[in-house]
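In structure tokens, the next block holds one chain alone, the form predicted on its own.
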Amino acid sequence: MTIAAMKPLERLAAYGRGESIDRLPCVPIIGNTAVRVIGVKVSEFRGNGRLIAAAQIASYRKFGYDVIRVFTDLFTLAEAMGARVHYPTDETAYLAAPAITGVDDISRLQPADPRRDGNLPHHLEAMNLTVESVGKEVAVTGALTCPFTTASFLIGTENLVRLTLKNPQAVHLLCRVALESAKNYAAAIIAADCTPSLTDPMSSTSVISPKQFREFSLPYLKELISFIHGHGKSVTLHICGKTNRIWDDMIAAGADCLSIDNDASLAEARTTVGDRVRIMGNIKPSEIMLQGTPEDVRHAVYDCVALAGDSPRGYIVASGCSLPTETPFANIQAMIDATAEIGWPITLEKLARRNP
């Protein structure tokens, strides 16, 4: 094997060992953009694991990025527990109604069975098929919504935030049942030879305070991550927005890699936590990847690598969050190409190519 011929799994493994690689790992976080690769509508993913797999496999083969993330929307666990989700014809699904309307209904919530409930079986089918097709060359992950966020979908975000002040015990009951669902799904994802990829947007300090995060989200994140670690898998954790005030807590939860949103400072992340955890991100999904030009993407990649490419525990070039469905293919390719252009090892001379 030559360095130039590295497959994604080989690249990630060598990078983790501190060995020579051809380029930094690169992960444009593909979600429903994959439908555009095979020319179908977003709503066709519902209940169709084979189509989800076909789209993710085709997207990976088209662009050659380093991690496949099987993902359609944030609501799969909540829907499996009784929340009502609306599926527009060709847009990402959204929450139509929470599973329950009040505290008195919490006791009737049951943890989801991922092999039976909602769309979870179809996502697992997609993971199995994707691993079967390309799992020997690229890491395949399954998106897993974290307990506090799922709790917000079970009772409604405004209700949950209000309950953190008025009825903390109810919040803990919701997070506990959401955690059990998450552990069930994590075990099924791992059984499919995939790695759970954790996402927790409602734990953002744009939504709750750091104090609320530590009381209501952190204990359940710790337990979930410990469960995943106990099955021999590492954990990437993404929390949207400005998360610098809880980075230490995210690390304390056990995260092996922090996915840094575009609203946060990558330079600050590299300086304050880069010696303790791998970081990835934070190219702007909308302003740069969706609305920008390939040259804008190229410049953003160079900027991020200049800020964090020498992070002690490693850096992965990535979008700050999942890409919008209509992200131009040329911009996704530009992210891969710019990362390859910088190559390895990273030098000031190579970074100077930003303005040829």
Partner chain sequence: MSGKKEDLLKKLADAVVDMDEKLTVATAHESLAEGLDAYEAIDGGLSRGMERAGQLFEEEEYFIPELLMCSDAMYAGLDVLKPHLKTTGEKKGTVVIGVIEGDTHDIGKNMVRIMLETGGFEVHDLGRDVPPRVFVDKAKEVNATIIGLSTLMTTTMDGMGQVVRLLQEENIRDRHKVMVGGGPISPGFAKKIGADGYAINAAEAVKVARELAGAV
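Residue numbers count along the first chain shown, from 1. Keep in mind it's a predicted model, so treat the numbers as computed, not measured.
We do not show the form predicted in complex with the partner chain, though everything after this point is about it.
Review point. Candidate spot 72, 169 and 215, all three in 4.5 Å heavy atom range of the partner chain in the predicted complex?
Key: Result no, not one residue of the spot touches the partner chain.
Review point. Hey, in the predicted complex, does residue 115 get a heavy atom within 4.5 angstroms of the partner chain?
Key: No, residue 115 is distant from the partner.
Practice item. Answer yes if any heavy atom of residue 43 is within 4.5 Å of a heavy atom of the partner chain in the predicted complex; otherwise answer no. Key: No, no contact at 4.5 Å.
Point to revise | Exercise: residue 208 in contact with the partner chain in the predicted complex, heavy atom 4.5 Å | key: Yes - in the predicted complex, heavy atoms of residue 208 and the partner chain come within 4.5 Å of each other.
**Study point:** Contact test in the predicted complex: residue 137 vs the partner chain, heavy atoms, 4.5 Å
**Key:** Answer no; every heavy atom of residue 137 is more than 4.5 Å from the partner chain in the predicted complex.
Check your understanding: Which residue among 267, 252, 165, 191 has a heavy atom within 4.5 angstroms of the partner chain in the predicted complex?
Key -> It is 165.
Check your understanding: Which residue among 183, 242, 222, 176 has a heavy atom within 4.5 angstroms of the partner chain in the predicted complex?
Key -> If I apply the 4.5 Å criterion carefully, the residue I get is 242.
Check your understanding: Just one stretch in 199 to 207, 126 to 134, 105 to 113, 252 to 260 has heavy atoms within 4.5 Å of the partner chain in the predicted complex, so which one is it?
Key -> Checking each option against the 4.5 Å cut-off leaves 199 to 207.
Practice item. Scan 282 to 321 and note down the residues that get a heavy atom within 4.5 Å of the partner chain in the predicted complex; none is a fine answer too. Key: The stretch touches the partner through 286, 287, 290, 291.
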